[in-house]
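So this one's two forms of a single chain, laid out as structure tokens and tagged structure 1 and structure 2.
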Structure 1
């Protein structure tokens, strides 16, 4: 199984203060690292997400926790003093609640720590890590996961900040690059193609095979111009199919019934995560006669593909996969590569800024900045005062300056001690962040 490159162990920040600042980590699987069967086993429902956040938050090894679970990925985002310990804990939790042996998912998991984790989350939220680059639903899903974590008190200063940054990065990428248009234009292109085949789409029946962000988007697009046609949903997990069918007011069918549904369906949208073809030429050929050779339009959004390209050779059957749709768009659009490069650059920049903020969360730089601020205030006040006191000797002035230094030192003594060690099991980042806010210390 191919793992996205780089799961480096974090560089430990300097350990001068006890306890250390909690560190950020991500444990996850996605559509690249794991096959659909495994992802379905590990997926968390909304309810499971809630209980998981509540339970994991109680564990002393984990300071903050957030779980994103969609049909293409499960991401567990956390901060912990010891990331290795936390990862071990999370794996154990998965094994326990999902009753899946660790050996089954171990090799499909990826872990990122520190700024790699930041980058990964930014890429996920801005849909650069999606099966269909730029699909818009993932941001909503991340937002929902965050809301869930906040409601269950799973997040603290670091994750709050990180998620808000992630949202603004995603927004920025959406508005500044053409990435977002791509997914929309892919489903738009699919609709346009359907129009060129069927003319009127109002009464055309749709079969949705597998659930996916992009497929749902395409259905939504089609539903805007469809009124009377039927909608069938086939999913490997029947319950998921039932949910989806209810959402689009369609009918859920079992995976085995797909072949029979070709008789009545006109547009088939497939986006399962299956590694092999789900729909083959031999399945489609005999049906064409039964459906009196009315055209069939297959839209294959899955990577790897679900529909055997040989189906396209059957008369009146048209198969378009995601690359074909992309080509359709690109015939009069500029290349998409530069767009994703632009997006990656925005992410690099945001990661850098987040890292700076994160490092500033440490007690030492905060105290340093605080001292700098106090010094500056006292200095300027002293200067103002000295202007009206021209009889003072230079020795007097030096004495006053020394006094200022002592004042600063004494004021800062207790806060510094507290910030360096706010007490066991207390979230240091919370107090540091509070301090920074109270004194309005700028992020560098």
Structure 2
């Protein structure tokens, strides 16, 4: 429809209202805010995470949802039009599914919104918020949580972008800082010491004495850096040793076979709870002749100690206890803390860039950028055309320029109208993000 003078009739205001972009939020507890007794009550299994994502995504107060649940943290990352309302819903869900009164965990919860939520996630994925600074496991756990959310349709444009950015930030921090270079746990330090001693562990036989948590952590670290060397596991409860050996493709032996295994083992890591020495000088000394004096290294991570310090006086037998490792750990922890300052700078930069992207999801800056890109293309093409044409008056050139401007306005009219108001039941951010990708506005 046009008015009598031929100009377009003004658009009637839409009766549909489109909500503003949803805001990011995080609700969680971790090893700093809550004791393990509470964390384990609120922890989600893999199946519970799947169910929670499916159920919470159906709630109108929550747009997107992702749940990270590890031994040290339970965090719900979400987007919502009203973060306060969303947080109420999440607390109620925890109370319902975990049968824990809100009053019991309320004081241990923390919340982050907007840029603070972005920064917190980047710090978590980069292990700056971990109990052990720089530990590598958390990134894999965040990736697993993201896969779960994606598979159960819990994420959308904003969380997808945020999580991929978190992964790239964590990778950059790993490659550009030394935050994960040095051991800061007893088990990890023991393995790193073994690697320093031998250079490579692929062909070295390892005997693990004890099958508790410390031993299991040591085997996990070993498994990442070795492939073909034999692994023996000795435990007083044989069945426990069998279970650990099976999980890590090793061989379980009885305690009575430890002495004979010294003949073939190169590294012995001991971590039992025995009150007396498990390995004595008299056990080791006769074996060294049979080994033709090949070096034998003992790493004692037990308290009280498992290995008689007198073993150290045998030629080519070397014993390191937990105090030796502790000195290394403290030195390495200080080094990691220094490296974390570099990591924090990388995160601050990444948060700013994400915020810029997030703000671009508003229709107005996207439409302005799109208009600027179309203007630039048409101006460039007009200049090329004018160079090949002679005898055009300034009036003709002005007419062509006005035509360019009119073409841009008409091309943008319908897309701009839709981006400003795609409808109350549509995800506005999805269409804006898609527009930016189609027209390559990300770097504009």
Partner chain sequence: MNYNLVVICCYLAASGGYAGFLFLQRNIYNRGAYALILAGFILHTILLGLEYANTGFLPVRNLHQNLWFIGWVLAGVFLAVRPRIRVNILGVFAAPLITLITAAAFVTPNAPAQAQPELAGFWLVIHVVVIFTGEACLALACGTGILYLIQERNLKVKKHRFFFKRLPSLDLLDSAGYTFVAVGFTALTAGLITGFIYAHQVWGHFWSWDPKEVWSGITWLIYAALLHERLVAGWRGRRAAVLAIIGFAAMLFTFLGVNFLLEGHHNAFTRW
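So that the term is clear: the rigid core is the largest set of C-alpha atoms that superpose within 1.5 Å between two forms. Numbering follows the first chain given and starts at 1. All figures in this text were calculated on a predicted structure; none of them were measured in a lab.
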task: When you get a sec, tell me if the form predicted in complex with the partner chain is 1 or 2.
output: 1
Residue 318 C-alpha relocation of at least 2 Å between structures 1 and 2, rigid core basis: yes
- request: Spell out whether the Cα of residue 280 moves at least 2 Å between structures 1 and 2 when the two forms are superposed on their rigid core.
  value: yes
message: So that I can tell if residue 71 moves, could you say whether its C-alpha shifts by at least 2 Å between structures 1 and 2 after the core superposition?
response: no
